[in-house]
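In the block that follows, a single chain appears as structure tokens, in the form predicted on its own.
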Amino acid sequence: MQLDVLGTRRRTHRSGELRKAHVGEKVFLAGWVDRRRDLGNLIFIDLRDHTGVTQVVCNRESSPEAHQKADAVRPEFVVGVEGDVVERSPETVNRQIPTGEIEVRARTLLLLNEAKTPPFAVSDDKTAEETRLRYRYLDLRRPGMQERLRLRHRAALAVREHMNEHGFVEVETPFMTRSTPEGARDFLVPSRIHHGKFYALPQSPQLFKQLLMIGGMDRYFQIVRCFRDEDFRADRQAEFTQVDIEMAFPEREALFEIIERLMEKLFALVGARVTRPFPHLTYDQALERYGSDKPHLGFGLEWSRVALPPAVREKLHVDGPVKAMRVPKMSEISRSQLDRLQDFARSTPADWFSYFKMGGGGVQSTVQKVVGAEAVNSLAASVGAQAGDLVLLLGIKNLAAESDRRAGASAEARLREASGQLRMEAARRFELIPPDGWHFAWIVDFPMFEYDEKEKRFNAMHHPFTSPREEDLEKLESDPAAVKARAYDLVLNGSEIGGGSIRIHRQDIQRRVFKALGMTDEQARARFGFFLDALEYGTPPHGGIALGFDRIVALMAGESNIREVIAFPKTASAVDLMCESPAEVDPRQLDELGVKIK
């Protein structure tokens, strides 16, 4: 096929821009063939670019050369069209597209490149994800992908404008640094020059942004790529983007206001209104009331702890803690729906589930036959249940094997996890989750440490540079489990979209935290010696936050999977199907690096 040359021609308009006001103008468009329809003397081409589609008409009589070339084109060919904008006849107007009142009558058609038959139609929204990722360069032509990536671009611009308005300076930090094995696994990069030594790709710029505060930058931000060698989920990738923020002499509420105003600007990009200030919940309150440290606050359904008299516990064979949740106006729910909810409850870490209905004639409950009307009425009153409500009960039956305090805490953890799962499942089954609306919250006062049963030691719940609350400093050595951190998370509609803290700025406290984590002075010096040294040179109080940019844009776009807002993502098994990576490398490269495959 003889291809044409673009030469000095330039687009006068894009394919989605032409309107009735352009009728009579001579234009030059270029893009991809979306569809072609051959009616003999007339061949219609839907010409597509990222702005939309314009219908092009090639007439055999008025433009025989253009018609002849149009006969050869197929979907995804790249073409240029020079012609006149004309008004469509009333019966041919297409109200489904913005350009539907006009068409371009082609004078000249340029064949700029041909295309193989694609493995899927760009207009097909039902293509399997594996195929989409293998041919991502074709998938990116989809209008939906174009819209989401352009939304991402606008969001990044809004972040930069907002942070600049508040005096933050964007500073790039290194991608090749040293491994600090705390938290997720590092991606390691072997050094060719220094055999046996490795760089690590940063899980976050945490230490560098703290060093910038020591260096007097005062306010820093960065839209930065980070890397974690961890198992994938729909909202995780091995390489991801975060908005990294740090400020000196921080007041937590001042930082919160800056972030809340940023969220207001970002969600305005999709026509959403954000209500400020965001509510605050302590970590303990969130777990107690919602069973999650990232609760969806778009609907009610709060758990309450209920006290059961010993006689009632004995009849119900329940030793452990019990929670109750009122579901308003759901007493008419069918028995089969409740049976399915009970089946779900049995799949959670809890091992006891029951319910009762507040009907017009009083309580309807099988549990009432066991414990009596007085006990059930007391339970109903404890959660404020009214006529027409449904009350769900969840608990731990047997604590016989859990006698010590840590095992008792495990029972509490099981109940918390189960209550969070059951709350969301009930909301889904009863269709209580609103289809729109943005429900933000700050979760504060996290535990400083969490105990690792396998390793028999404490780990940092956030990271080891998070400051303990001043009132808990004396507990660092005596009762680490009771220490609360000056940490906070930002959650939205049940997703964590950011996490941060006020940092440790004193070397003596940093050393005590390392010791609480089981590190000797020698280990701390080996891993973080450069940072401990920096803390000795007048470190100001400082703190910040990292916002998950991919997650935020995905939520803005109405997507549950962050792969839909990343141009070239990996699969759930950390594979790039398009580039076929990870891949083997030439043995000579390994020799240069001093690396041998086991």
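Numbers for residues come from their place in the sequence shown, where the first is 1. Source: prediction; values computed, not measured.
Quick note: we don't show the form predicted in complex with a small molecule, though the next part is all about it.
Considering the small molecule in the predicted bound form, the lone stretch of 269-277, 315-323, 67-75, 198-206 in range is 198-206 [heavy atom distance within 4.5 Å]. Although the partner is absent from this view, residue 501 contacts the small molecule in the predicted bound form, with a non-hydrogen atom inside 4.5 angstroms. The small molecule in the predicted bound form is approached by residue 463, whose closest heavy atom lies within 4.5 angstroms of it. Using a 4.5 Å cutoff between non-hydrogen atoms, residue 546 counts as a contact of the small molecule in the predicted bound form. Put simply, residue 242 is close to the small molecule in the predicted bound form: some heavy atom of it is within 4.5 Å. When the small molecule is considered in the predicted bound form, only one residue from 261, 475, 228, 236 comes within 4.5 Å through any heavy atom, namely 228.
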